[in-house]
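Only one chain is included here, represented as structure tokens and corresponding to the form predicted on its own.
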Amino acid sequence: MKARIKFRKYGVLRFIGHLDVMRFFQKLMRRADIPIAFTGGYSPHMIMSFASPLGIGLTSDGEYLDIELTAPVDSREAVRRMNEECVEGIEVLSIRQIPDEKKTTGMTILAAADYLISVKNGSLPENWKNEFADFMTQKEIRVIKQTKRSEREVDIRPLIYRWKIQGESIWLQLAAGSVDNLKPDLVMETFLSVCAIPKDSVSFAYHRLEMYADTGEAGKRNLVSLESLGQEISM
């Protein structure tokens, strides 16, 4: 039986890396008595996978962890037990049963993510909202994107699905996953460069709001949250 855990990461724990988050959840499974399955062989380990590891320094209201259970657990009871063992900075929001097929894991089906971006230090020009709107109306936004092995010029505009200015913050919906993946910091770095705003004059705080799968057909995008693809487990 496979299940998907949704959790939020906030506060000082935004500074811990993915491996530490993984170790934390391994301990949490034991302390909360969650019947998680293990791999076989000489060195068994818990069967778990994260949809998309969160970068250091980012906070989130929509992180996902898929696990395999050896027995059903009541969703509300499991969330209660896990949160009782959690530390400040991580809160479990839900646990839901998902289909057993390997192709339905969050890592496999992830297609997009929402981010809220705000100024952390420094300031932007008074007319930054107009400049950002002009930046987003471009047909192409070409950048040099670096990978582990090389760098190449790409157009990131098609990977920005939606955007809007919310007060003094910016909301972005970006492509995510193994096929296309765009990080919000690359968007903002490019915006500063295009508008000739010195990079050392401002820094941003990035908050991930939600992650999505694409259930659309024939090239028509239909994004649904990873949480909505599961169902509550009741005992």
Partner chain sequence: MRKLALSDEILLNIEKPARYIGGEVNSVMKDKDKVDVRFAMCFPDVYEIGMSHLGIQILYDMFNRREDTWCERVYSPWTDLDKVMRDQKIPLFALESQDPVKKFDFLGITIQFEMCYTNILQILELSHIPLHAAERTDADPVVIGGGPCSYNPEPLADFFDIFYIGEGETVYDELLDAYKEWKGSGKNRKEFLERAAEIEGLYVPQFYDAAYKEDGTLLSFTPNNAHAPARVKKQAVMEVTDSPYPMKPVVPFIKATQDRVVLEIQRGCIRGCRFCQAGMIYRPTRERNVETLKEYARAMLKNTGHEEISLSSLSSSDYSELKELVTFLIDEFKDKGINISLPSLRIDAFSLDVMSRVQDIRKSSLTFAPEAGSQRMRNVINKGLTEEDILEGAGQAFDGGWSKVKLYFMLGLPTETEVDMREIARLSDRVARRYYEIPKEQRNGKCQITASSSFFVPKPFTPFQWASMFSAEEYTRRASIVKEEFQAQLNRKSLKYNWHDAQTTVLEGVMARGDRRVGKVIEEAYRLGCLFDSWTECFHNELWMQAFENTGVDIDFYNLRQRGADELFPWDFIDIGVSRKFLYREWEKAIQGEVTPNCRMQCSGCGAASFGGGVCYEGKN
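Remember, it's a predicted structure, so these values are computed and weren't measured experimentally. Numbering follows the first chain given and starts at 1.
Although not depicted, the form predicted in complex with its partner chain is the subject of the following passage.
Visitor: For the chain shown here without its partner, which stretch in 124 to 132, 71 to 79, 102 to 110, 86 to 94 has non-hydrogen atoms within 4.5 angstroms of its partner chain in the model of the complex?
Guide: Residues of 86 to 94 come within 4.5 Å of the partner.
Visitor: May I ask you to choose, among Q26, T190, S49, N181, the residue with a heavy atom within 4.5 Å of its partner chain in the model of the complex?
Guide: Comparing distances to its partner chain in the model of the complex, the residue within 4.5 Å is Q26.
Visitor: Would G11 count as touching its partner chain in the model of the complex under a 4.5 Å heavy atom rule?
Guide: Because a heavy atom of G11 falls inside 4.5 Å of its partner chain in the model of the complex, the answer is yes.
Visitor: Can any non-hydrogen atom of E168 be found within 4.5 angstroms of its partner chain in the model of the complex?
Guide: Because no heavy atom of E168 falls inside 4.5 Å of its partner chain in the model of the complex, the answer is no.
Visitor: With the partner left out of view, is R31 within 4.5 angstroms of its partner chain in the model of the complex by any non-hydrogen atom?
Guide: Flag for R31 set to yes.
Visitor: Is P53 close enough to its partner chain in the model of the complex to count, meaning some heavy atom within 4.5 Å?
Guide: Contact with its partner chain, no.
Visitor: Where, within 34 to 70, is there a heavy atom within 4.5 Å of its partner chain in the model of the complex? Residue list please.
Guide: Those in contact are F38, Y42, P44, I56, G57.
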